[in-house]
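Only one chain is given next, in structure tokens, and it is the form predicted on its own.
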């Protein structure tokens, strides 16, 4: 049986077709064209702060706006359920029959949140909502600085490890009949600490952040977190994505330097792109760093299939 033929890389662009030449600029001038532009980053940080403060304000002033935490919440009385928490509960139910007591509100909450993040691109949750991600983003800057100064070495792991943890936490839930993952989940811990006040459990967050700074950047987000893995699976067919246009790319790879999940931008490497347009994979967290930094505007937020409809 003959396997599917792999697409061949596009031929190198002639010099007169390079984006800096078309703009009548030197390569150095072109490279620094968008230096310091942080439009999408600023929007994203503002939204992360806003959504998490909304939890705090709702609890502090007893407002029925956004109640609960990121494990499970109510938006103006409308339930929202994290899908991985729901999977854990379903797994535990195999032994406890918990699902006999499931309410319609819970079912609607699961469907609503799944639909929203399916439409918005799956792991959009990670960079636009998750408070731990916000902290880890700052920690990554320190990690990169230490690596650059040769104070520490970077350590990578196989990305498939996240699926081991994804299944492993479900097995633990089945065996123990407890939400083991929720007890160590930094997303929920930071969310609850912001809303209800800090506790000793924040020492776990400190230890995790320290490990990511001195040993492996974004270890939790890249290799462990089953929430991010769930959203990556959900986002495989999501319409909102980032589109890459080959003709605008100068292969400077500045986008990969700032990308929080650089493997999704494999096609920006010279000699790798196989078609005129590429869309990033479902691991993309839609942080917007690449869109901001790209001097050729080769990367932009897009909706798949919109051009065919319009």
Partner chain sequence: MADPRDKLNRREFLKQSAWVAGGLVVSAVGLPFLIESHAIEPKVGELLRPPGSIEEDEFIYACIKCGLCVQICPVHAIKLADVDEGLGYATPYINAREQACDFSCDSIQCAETCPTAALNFKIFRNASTKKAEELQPLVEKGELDPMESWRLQIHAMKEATRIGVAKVNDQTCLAYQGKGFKGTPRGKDFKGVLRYEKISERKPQPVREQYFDREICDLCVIHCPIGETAIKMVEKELPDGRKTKVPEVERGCTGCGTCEMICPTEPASIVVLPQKTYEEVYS
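In this text the structure is predicted, and so the values were computed from the model without any measurement. Numbering follows the first chain given and starts at 1.
Same protein, other form: the form predicted together with its partner chain, not shown, and the subject of what follows.
Between 134-142, 227-235, 103-111, 206-214, the stretch whose residues reach within 4.5 angstroms of its partner chain in the predicted complex through a non-hydrogen atom is 103-111. This chain appears without its partner; in the predicted complex, the one residue of 146, 194, 119, 164 with a heavy atom within 4.5 Å of its partner chain is 164. Residue 68 belongs to the set of residues with a heavy atom inside 4.5 Å of its partner chain in the predicted complex. In the predicted complex, its partner chain lies farther than 4.5 Å from every heavy atom of residue 129. Its partner chain is not drawn, but in the predicted complex it has a heavy atom within 4.5 Å of residue 158. Residue contact with its partner chain in the predicted complex: residue 220 places no heavy atom within 4.5 Å of it. Taking a 4.5 Å heavy atom cutoff to its partner chain in the predicted complex, the one contacting residue in 201-217 is 201.
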